[in-house]
Every structure is written in C-alpha cells, then in structure tokens.
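Next up is one chain by itself, shown in structure tokens, the form predicted on its own.
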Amino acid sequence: MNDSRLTGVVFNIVHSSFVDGYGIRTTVFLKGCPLRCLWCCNPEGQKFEPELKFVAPDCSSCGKCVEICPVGALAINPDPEQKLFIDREKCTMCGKCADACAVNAFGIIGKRMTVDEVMKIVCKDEYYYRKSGGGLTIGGGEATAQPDFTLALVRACKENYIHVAIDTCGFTTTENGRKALEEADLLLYDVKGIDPAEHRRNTGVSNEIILDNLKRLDSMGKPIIIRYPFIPGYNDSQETIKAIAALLEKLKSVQRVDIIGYHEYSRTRYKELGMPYPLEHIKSTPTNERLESVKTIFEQHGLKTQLGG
C-alpha cells in the first residue's frame, strides 16, 4: 500500500501550539498507549479504538438517545449530575446517540484517517512553521504505538520540508517505532522515574526499554527535550529527582528539561469517558516554590531547565 494511504486513529489535531516543541506547531494526537500512567492527562489516548464521550452537564435529559440506541446501552439515570446510565460493554460506537443529541452532549473520540488526510491539514499551517521555526508534533497516547502510521507521517513531513517532532514515552520495541524516533527531527521524551519497580507501579511497565532507547537515541545525536512529570507522592522524592538529573547529565543530546507539575485538567475527561480518576486523593498541586527547587537541582547538573512544556 502507498504510505499516503496508510491509516491511523487520530483523536485530536491542535493548531498553533507553543508547548510541543519549537515555534508554532500543529499537534496530531494518536490513540493507543502501552502505559497506564496514574497521572495520565490524555485518558482518551489510552485505548486504540474510538470511544464514546458523554458530557453530563450538557445533557438535557430529553431521552431521545435512549429511544434511538439500537442495543439498549443507554438508560435515564435519576442522579441529576450523571443523568444517563451508559453500558459501555454493550455500546457498538454506532454514533446514533451523538447524531440525535440536539445539545451535543455525546461525541465520538477517535477517527481513522489516512496519512494524506492528516498532511493536508498539517500543510495548511506551513506559513506559520516557516516564520516561527515550527512544524508538526506527533503525540498521543503514544505515537510509536501506531508505528507504521507514525513513520509514514514522519517521512511525509520530510518530503514536504516540514520539521517533525515526536512526543514519546520511549516504550517501543517495533522496528518502525524505533525508525520513527530515529528519523524525527526532535524528540519530546518522557522520563517518569529511574527505579524500575517504582516505574512499574506508576505506569504499568518497567523503564528498562525506555531508558535503553533514550541512551541509544542520544548516542545518535538525536535532539531531545526531556519531559519530567512531577507527581506528588509518586516520583517526587529527592532521591528520584537527583537520580534523573544524574542520568541526564551524562547525555550529550539533551537540549532542555521541562518539569511538568501535576495538574487536574484531565479530571473531567475521565468522567466523560466513564473512567475513575486514579489520583482522586491528591488534593493540591505542587507550589511554584517546590517546582523551582526541583529546577535548581537540574540546573546544578548543568541542564537547561524550565517549568512547563
């Protein structure tokens, strides 16, 4: 098959981003991820298949969706906040509820698109890339979890002289997943911890593959921005901070470290997908003073560091 006709499942395309690499960027978010980070800020990117979103506050409780559902997956909920019971095991993602909803309380997250369809959207912003030194960023989910599609997007950008970055957790073992990372112009690379057992508790996987890939890509001279999600009670100990800084200090291709403080922006998205929020017990976000102290540690190891992406 022609690479331009390869398909992948995309759940969002964001224009004019300033936080996903250098310059003005278009970010394409792909569905599917091998990790289950307790602090995941894109829960809609975890599964590979399209999902049903339900925004309860927008629902008018008219009942039309209940009547039209062909598999009986919906029922009125007496709870004034939730409004509907959704049996997600029964749901076939036919989209009839979304079509019938006059207030757009339903939505289908995830759409299969070809490389060519994505590139036509990306190329519309080409003027801004040229003026600002920006380009396309492929994120997720995990971009390398759809390795063939991501590699084809990287190569399509090369053909169009568009700078391409990949936002990655680094957990990939496929040939094309590795090639996509190797051929991208820039990597936004997550380092979530050093201890393998702690990493498994926090993300569902050990970090050996992640760190091995990081060291290999660094040895190739691949430009890398490290992203360190700072999560209270999970990977915020002084031991962890110093161990990450010590590791990164030895690498030659790290251009910057971004410290991403824990936030609750995704809480409502979990609810819309019918998923429990894993960090419900965390009641506060890190203070600026605490994040600045972490930044200082990285800077003491000779690393250019900033707060946020």
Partner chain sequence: MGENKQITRIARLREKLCDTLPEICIERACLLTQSYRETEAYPEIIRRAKALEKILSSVTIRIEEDELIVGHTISKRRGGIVTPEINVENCREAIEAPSTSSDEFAPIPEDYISRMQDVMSYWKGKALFDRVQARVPGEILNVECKTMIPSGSSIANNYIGSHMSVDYSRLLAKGLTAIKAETEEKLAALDPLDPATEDSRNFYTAVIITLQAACDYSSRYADLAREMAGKEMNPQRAEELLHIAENCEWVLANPPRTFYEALQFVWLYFIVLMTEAWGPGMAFGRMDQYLYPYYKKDIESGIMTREQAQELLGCFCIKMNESGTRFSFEKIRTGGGLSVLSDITIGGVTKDGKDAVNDLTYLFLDVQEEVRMFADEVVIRISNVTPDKFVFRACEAARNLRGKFKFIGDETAVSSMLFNGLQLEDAREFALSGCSLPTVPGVSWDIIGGLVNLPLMVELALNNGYSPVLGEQIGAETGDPREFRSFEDVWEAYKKQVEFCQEVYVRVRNADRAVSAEYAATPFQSAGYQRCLDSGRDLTWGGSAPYVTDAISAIGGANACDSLAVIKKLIFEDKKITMDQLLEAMKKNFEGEEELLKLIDSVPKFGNDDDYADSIMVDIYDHFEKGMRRFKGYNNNKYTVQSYTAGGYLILGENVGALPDGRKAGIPISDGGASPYHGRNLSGATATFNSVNKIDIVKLSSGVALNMKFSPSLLKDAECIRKFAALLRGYFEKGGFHVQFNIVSSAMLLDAMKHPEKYRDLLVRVATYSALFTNLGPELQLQLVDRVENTEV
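Positions refer to the first chain, counted from 1. This one's a predicted model, so the numbers in the text were calculated from it and none came from an experiment.
Keep in mind the form predicted in complex with the partner chain is missing from the figure; the text below concerns it.
The three marked residues, Arg88, Ile225 and Tyr270, fail to reach the partner chain in the predicted complex, with no heavy atom of any inside 4.5 Å.
Proximity of Leu291 to the partner chain in the predicted complex: non-hydrogen atoms within 4.5 Å are absent; the residue sits far from the partner.
At a distance threshold of 4.5 angstroms between non-hydrogen atoms, Tyr161 is out of contact with the partner chain in the predicted complex.
Under a 4.5 angstroms non-hydrogen atom cutoff, the partner chain in the predicted complex lacks Leu38 among its neighbouring residues.
By the criterion of a heavy atom within 4.5 Å, Lys124 is counted among the residues contacting the partner chain in the predicted complex. Screening Ile260, Ala243, Val66, Leu251 for any heavy atom within 4.5 Å of the partner chain in the predicted complex leaves a single hit, Ile260. None of Ile209, Ile194, Val205, Ala98 but one reaches within 4.5 angstroms of the partner chain in the predicted complex through a heavy atom, and that residue is Ala98. With the partner left out here, the partner chain still marks one of 197 to 205, 211 to 219, 232 to 240, 128 to 136 in the predicted complex; by a 4.5 Å heavy atom cut-off that stretch is 128 to 136.
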